[in-house]
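So this first bit is one chain, no partners, the form predicted on its own, shown in C-alpha cells.
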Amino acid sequence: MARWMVIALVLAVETLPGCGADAPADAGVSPDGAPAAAFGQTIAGVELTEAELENIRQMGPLPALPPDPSNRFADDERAARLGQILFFDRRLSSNGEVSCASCHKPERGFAEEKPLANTIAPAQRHTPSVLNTAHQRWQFWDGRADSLWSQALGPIENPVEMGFTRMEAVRLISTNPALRARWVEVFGPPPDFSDNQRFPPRARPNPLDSGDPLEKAWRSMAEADRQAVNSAFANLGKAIAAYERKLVTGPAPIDLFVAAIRTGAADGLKALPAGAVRGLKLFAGKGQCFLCHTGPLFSDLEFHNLKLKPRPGMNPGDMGRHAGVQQLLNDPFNVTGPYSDSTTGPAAERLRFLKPQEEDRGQYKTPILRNVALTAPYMHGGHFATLKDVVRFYSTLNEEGTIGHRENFMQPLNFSESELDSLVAFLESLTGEPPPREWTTPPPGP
C-alpha cells in the first residue's frame, strides 16, 4: 500500500503548467462560456474537481521513446528495414506458415482476435499488442524479457508459437542472398553457418531436458560456435526491435483534450464528447483507474494481481510474474548478459536488484491503454470480449482466482450501466493515429 500512498501524494502536490496562479485567464471557462466550478472546471456539462484535473494533466502527451543502450542498432533505419522483413517472414517457423505478424496483426492493433494464441499449437495466454511497446520496461505478460530484442527471440523458439531454432534462423540469414545482403549493411558479414558438421541443421539449448535432441545437437557444437550462433541470433532480435520501435501511435483525442486543460485553449476541450468526459471523470476520480493506468501511457508499466479465474485452455497453475522473474534472471539475452550492447543504465540496475517475491504470484503486466479499443479481447487470457465486459469486471470484482491475492486497494464500485458506457466512451478516445503505413505493411519483395 505504501507505493500507492506515494503515488497519490505525488499526484496531489505536483504542479504542472495550466494550474494555480500561472493558469491562463480563460482556463476556468467551459467551451459554452459557462463559469468554471469552484475548485475545478465544468466541461461539456461535467464538473471536474481540481484533484481530477491534476490527474488528467498527467495523461499526455505521449513522450519520446526511451533509449535502449542494450541495443546499439535500436534507432538504425537499416536495422528497422531488416527487422520489418523478419517480422513478416514466415520462413522463421518450423512449418513455414507463421511469422510475428501471424499473431501481431496490423489490422488488429498488432494484437489478434483469438482469446489465446494458436499457431504451431495452442498457447496459454493472449497475444498482447506491440503498439507503443518500446515504452515498456518489461516484455511479455509476466515480464520475462527486459528488452524488445530479447522478447523478439522467445516466440521464434517457442514450440507452440513458431517452433523454430536459433540455428535454423541464423543459417537462413547466412545462406539467403537477399537477407544476407540486408544483414551485411547493418551488422557486417555473418559467419558461414552452412557447414553441417560444425553447425547441426536444427539446434537450440534446452537445459531443463538433457534428452531433448535439439539440446543434444546444441551441446555437440564447440563453445565458440555456440557463441557465434547466439551473437547472430541476438542481432536478429535487435533488428526486429528496431522495427517495433517504429510502431508508435500518433495523437489521440485525449491528447488534444489534455493539452487544452493545460493551456486553457477552449477548442481542444471539444475533442471529447460529453460521454467520454463523464468517463474521464470516473477514470481520474471515483474509479481510481489512474492508480495503475497512469500517465500518458495509461500504464504504470508494472504488475498486479486481479484474481481472474483461468479460462479454458489456460494453465490454472500459472504463477505470472513470479515465474517470469526467474526466467528473466536465467536468460543469457537479458540486458546484463554477454549479448547486450550495454550492461549499465536504468534497465540493468532494475535487473540487478530483482528477485522473485511471494507477492508476485498471479501478477501480470498493466497494459498500455492507448489504442485499446482496437485490441479485443482483453486481459492476459483474453478473458473479456469487449471493453464493457472489462469495466464491468472492475466494477464488480466478481471473480476470485486461486493464485496470490488481489491488490488491496481494489474494491467493487458498482457502476451504473450509464457509467460503464461513459468509461467505454473514454477508453475509445485513447485511439490515436496509426503508425505510418510504410511500417504497418509487409515490405515489398519476396
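Here the structure is a predicted model, which means the values were calculated and not measured. So that there is no doubt, residue numbering starts at 1 and follows the sequence shown.
There is another form of the same protein, the form predicted in complex with a small molecule; it is not shown, and what comes next is about it.
Colleague: Taking heavy atoms only, is residue 413 within 4.5 angstroms of the small molecule in the predicted bound form?
Modeller: Residue 413: yes, in contact with the small molecule in the predicted bound form.
Colleague: Residue 226 near the small molecule in the predicted bound form, any heavy atom under 4.5 Å?
Modeller: No, no contact at 4.5 Å.
Colleague: Check whether residue 99 has any heavy atom within 4.5 Å of a heavy atom of the small molecule in the predicted bound form, and answer yes or no.
Modeller: Residue 99: contacts the small molecule in the predicted bound form.
Colleague: Is there a non-hydrogen atom of residue 323 within 4.5 angstroms of a non-hydrogen atom of the small molecule in the predicted bound form?
Modeller: No.
Colleague: What is the one choice in 277, 308, 170, 79 with a heavy atom within 4.5 Å of the small molecule in the predicted bound form?
Modeller: Looking at the other structure, the residue within range turns out to be 308.
Colleague: Among 84, 334, 235, 127, which has at least one heavy atom within 4.5 Å of the small molecule in the predicted bound form?
Modeller: Flagged contact: 127.
Colleague: Choose from 254 to 262, 209 to 217, 149 to 157, 194 to 202 the stretch whose residues reach within 4.5 Å of the small molecule in the predicted bound form, heavy atoms counted.
Modeller: That would be stretch 149 to 157.
Colleague: Does the small molecule, in the predicted bound form, lie within 4.5 angstroms of each residue among 144, 288 and 364, using heavy atoms as the measure?
Modeller: Heavy-atom distance to the small molecule in the predicted bound form: all three under 4.5 Å.
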